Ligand code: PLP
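Encoded as structure tokens, the following chain is the form predicted on its own, with no partner shown.
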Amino acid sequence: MSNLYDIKKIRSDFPQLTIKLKKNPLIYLDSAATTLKPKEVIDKLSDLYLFKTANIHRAAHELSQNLSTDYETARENVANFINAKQNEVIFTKGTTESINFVAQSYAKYFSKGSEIIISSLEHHSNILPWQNIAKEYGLVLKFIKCLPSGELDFNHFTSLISKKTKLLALTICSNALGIINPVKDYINVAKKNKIKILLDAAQSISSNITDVKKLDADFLVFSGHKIFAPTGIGVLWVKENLLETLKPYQVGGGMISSVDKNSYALACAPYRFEAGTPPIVQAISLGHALNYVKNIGLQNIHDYEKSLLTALDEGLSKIDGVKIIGPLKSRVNICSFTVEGVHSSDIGQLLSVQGICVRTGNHCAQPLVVEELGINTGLTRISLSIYNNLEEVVACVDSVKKCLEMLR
């Protein structure tokens, strides 16, 4: 980890860390659900609404022209962040919409009986869209099983492939467990079998370097709110050679080059996929959030969060009855655990009284938690980010121990 990682400076960038919950200093350990926002992103958001409100790509006046430039600069920032071409970046309202976009737009290339492979680690947002089109078009949905460790069974994946397999939709990082999948291995096999690949980068985007050229998938999605940007903004990356083959998810203003009473002609990509007034302010704020992350350095972030995760695992593993799901070597910034005879919601509520915010339950991953892992009491998930420190980790471990003493 770089000596330039200044945790005091970083913490000072996040105003919400100064608040108290029930007279206790806030310890925010729920960043896998959504990250806190740095002041410079909040200030940019405020400045845009206070002094720069306009619509884009539509007017000749200066406000519109300036905002249009800022919006396209944000697209360029996203493209640079994931090593993509600018025209490959489509703004959506989030990961969920991005996946639905691909499911609905690419469905025309499937025939009855075509197969889609997803994993048992997936967030519901990467399950339900495929279930919907499977029912609508008569497709077959296959799930990669998990090993007892919570990691995916790669051999099972290879056994699922057939000549009818058309798409692999896979998360890079499990939102429930923090396990990083070796997605390049899956991509290599998929490519050999002429299978298209969609990667869900929602949970990995804030701490792992994402290079779409090296990954060589066909689609990649993520949400801004999980990387220090506002809610309501997401990204769909589409490999350039597929842009002309995709049917727009929705139609309306701003995505056409001409219209008459009988027909319309589409604008070029990516504009043909952004019907209506887009999330302008959110997109521009996302661009600033990505620059904030780049200034710290993703490798520095990864190393710092891993050091905190190691300390967290070591502390929790010493508490009688705590079972951490997933090996430390395979996880980034998330520790999910169970306690025999104790429901996760009870732990979460007692921690909240002490000002500690964690997530409990099935984490929008019921096929994983309930069906694969057989857990009916939910997981307690502690998720770390760039603004957490070792003192918070120690306090959390101590609080978990106290909670369990009370509950027992």
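No experiment lies behind these values; they were computed from the predicted model shown. In case it trips you up, residue 1 is the first one in the sequence shown, and so on.
The form predicted together with ligand PLP exists for this protein as well; it is not shown, and the discussion that follows is about that form.
(request) Could you spot which one of Ser120, Gln104, Thr96, Asn208 gets a heavy atom to within 4.5 Å of ligand PLP in the model of the complex? (result) Of the candidates Ser120, Gln104, Thr96, Asn208, Thr96 is the one lying within 4.5 Å of ligand PLP in the model of the complex.
(request) Decide whether Leu286 counts as a contact residue for ligand PLP in the model of the complex under a heavy atom distance cut-off of 4.5 Å. (result) Result no; Leu286 lies far from ligand PLP in the model of the complex.
(message) Taking ligand PLP as it sits in the model of the complex, is Leu29 near enough to touch it, meaning that at least one heavy atom pair lies within 4.5 angstroms?
(response) Heavy-atom contact with ligand PLP at 4.5 Å: absent for Leu29.
(request) May I ask you to state whether Gln203 is within 4.5 Å of ligand PLP in the model of the complex, using heavy atom distances? (result) Result yes; Gln203 sits at the interface with ligand PLP in the model of the complex.
(request) Indicate whether Ser336 is a 4.5 Å heavy atom neighbour of ligand PLP in the model of the complex. (result) Taking the distances in the model of the complex, the answer for Ser336 is no, it never comes within 4.5 Å of ligand PLP.
(message) At 4.5 Å by heavy atoms, is each residue in Ser125, Asn175 and Lys226 next to ligand PLP in the model of the complex?
(response) Checking in the model of the complex: Ser125, Asn175 and Lys226 are all within 4.5 Å of ligand PLP.
(message) Only one of 145-153, 166-174, 110-118, 301-309 has heavy atoms within 4.5 Å of ligand PLP in the model of the complex; I'd like to know which.
(response) So the stretch in question is 166-174.
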